[in-house]
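The chain below stands alone and is given in structure tokens; this is the form predicted alone.
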């Protein structure tokens, strides 16, 4: 088992390690001020982010992300369950949902600026809005894809509609729902950075924009790299939570 995990880890890491090594090698003698050597960027990264600027820029970004993401996912879950379990209501609401979700989430940031101004509430609202629809659509799809045999079994055991929803329908739709939540998380991360680019003095996006505007190019590169690292770590934590929550499903896949 340990050997298998080690092989999987090597297979997943060889490409990023190779890309970083190639970047380091080919940028060693670079004299272009806009593309400094990776070794210089790394030294500046350590100087800036271990750990002086973490409370100033990283913590606000994470607070914005998880506040908005949590609100958006909660609304998406509740809305998805209501629409997904009511066919009559779905016929009236789904066209509007499809229209709104087609709007790029980043394009809605200026609208939230007009409503809330350049403050914390604007960023959280924009992030929450972006996180609603991937989750909602996944829940609706999950409710529609419930196995009829499971629903018939719930009727045989005389489960109430609420018990059927909580014990049968939502767990059965769990894999689809988690896929939607993961998309919501990825979109929310992008909107977090985008919302900080407009009128914010704090956050990774704001730091990177300010560094670019003041021609501190190496600092800007460290911000870009930090975005990638944080995005990867956030997704990694989500995958661990997903595996924990869906361990019954993963076990059934191995047995089949």
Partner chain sequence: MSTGKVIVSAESVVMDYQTPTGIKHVLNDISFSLLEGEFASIVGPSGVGKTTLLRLLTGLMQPTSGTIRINGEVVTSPPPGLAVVLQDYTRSLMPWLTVEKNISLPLKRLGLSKTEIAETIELVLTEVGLRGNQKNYPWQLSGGMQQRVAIARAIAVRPQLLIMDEPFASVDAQTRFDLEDLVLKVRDDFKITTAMVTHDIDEAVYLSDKVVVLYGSPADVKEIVKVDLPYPRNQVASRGREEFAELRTKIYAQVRGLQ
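Worth saying up front: this structure is predicted, and the values here are computed from it rather than measured. Numbering follows the first chain given and starts at 1.
Form predicted together with its partner chain: not shown, discussed below.
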**Request:** Identify which of 111, 93, 150, 74 has a heavy atom within 4.5 Å of its partner chain in the predicted bound form; exactly one of them does.
**Result:** 150
**Message:** Looking at heavy atoms inside 4.5 Å, which stretch does its partner chain contact in the predicted bound form, given the options 120 to 128, 158 to 166, 76 to 84, 95 to 103?
**Reply:** 158 to 166
**Prompt:** Is there a non-hydrogen atom of residue 172 within 4.5 angstroms of a non-hydrogen atom of its partner chain in the predicted bound form?
**Reply:** yes
**Request:** Classify residue 14 as contacting or not contacting its partner chain in the predicted bound form by the rule of any non-hydrogen atom within 4.5 angstroms, answering yes or no.
**Result:** no
**Message:** Can you tell me whether residue 232 touches its partner chain? I mean in the predicted bound form, with a 4.5 angstroms heavy atom cut-off.
**Reply:** no
